[in-house]
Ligand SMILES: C[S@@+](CC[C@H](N)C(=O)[O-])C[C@H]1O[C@@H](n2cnc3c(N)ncnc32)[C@H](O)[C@@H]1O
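In the block that follows, a single chain appears as structure tokens, in the form predicted alone.
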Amino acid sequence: MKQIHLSPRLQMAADMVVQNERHGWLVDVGTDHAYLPAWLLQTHREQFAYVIATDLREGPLDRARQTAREAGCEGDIDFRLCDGLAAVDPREADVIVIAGMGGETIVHILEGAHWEPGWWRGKGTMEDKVLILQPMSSMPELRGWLQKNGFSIEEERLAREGDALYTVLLVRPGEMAPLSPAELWAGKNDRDPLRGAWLDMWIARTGRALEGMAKAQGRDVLPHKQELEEVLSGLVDMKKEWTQWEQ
């Protein structure tokens, strides 16, 4: 049997699944090689009554089945070919992991679940869902959508993989305090050891974007430029607060 080892990015998501008190039925959306569910079954099998792994294409599902065979857990995972949660019944999903995708794709998956309309607003048993989200891009769009659609981001963590930094969000249906423009970009992982580097990354990105806009022409640029200036100002303030807390 092959022992599964996770990258820091996936390990961060897996740890959040394990440490969350809500277990039972697990769905790994866009499973690809199925490393995450295989690791969870190898190390914490007793926590999961049922595991579903979905992917949009047959190729990744074939790779996922191969991983499960090598890890000795093929019989413990139900592999489904579908777009996101389209082939998953809400009663089959206590914990939903969506990792390694763009924020807009994650929104598409949540909106496209063939469940009752507005399921994320806490209707019926939907209030019990736990989402573990690991976006690779479009983070302001994802956090903004969560904020507008009845989700609460309860925790954010950071991990470093090579030169790149990644975040993972623990999300439940529920009320959430409004996020500032800067928090939509950088989140609220206030006490994470990587917080300073994370803020530096976003300060640099917004700064470069503003430099590019300075050369652009047209009235349509001005509102976006003002928005980014507000984001940058907030990020700089957050970095000052982080530096003071660290000292």
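All of these numbers come straight from a predicted model, not from anything done at the bench. In this text, residue numbers run from 1 along the sequence as written.
Beyond the structure shown, there is the form predicted together with the named molecule, which is absent from this document and is the topic of what follows.
- Between the named molecule and the residues E155, D83, D128, E111, the one pair within 4.5 Å by heavy atoms in the predicted bound form involves D83.
- Of the residues M213, L194, L56, M201, just one reaches the named molecule in the predicted bound form with a heavy atom at 4.5 Å or closer; this is L56.
- The candidate site formed by Q147, G187 and V231 is entirely out of contact with the named molecule in the predicted bound form, as no residue has a non-hydrogen atom within 4.5 angstroms of it.
- Considering the named molecule in the predicted bound form, the lone stretch of 48 to 56, 201 to 209, 66 to 74, 177 to 185 in range is 48 to 56 [heavy atom distance within 4.5 Å].
- Although the partner is absent from this view, G100 contacts the named molecule in the predicted bound form, with a non-hydrogen atom inside 4.5 angstroms.
- Within this chain, T105 lines the site of the named molecule in the predicted bound form, having a heavy atom no more than 4.5 Å away.
- Contact check for V29: a non-hydrogen atom falls within 4.5 Å of the named molecule in the predicted bound form.
- Contact between L10 and the named molecule in the predicted bound form is found at the 4.5 Å heavy atom cutoff.
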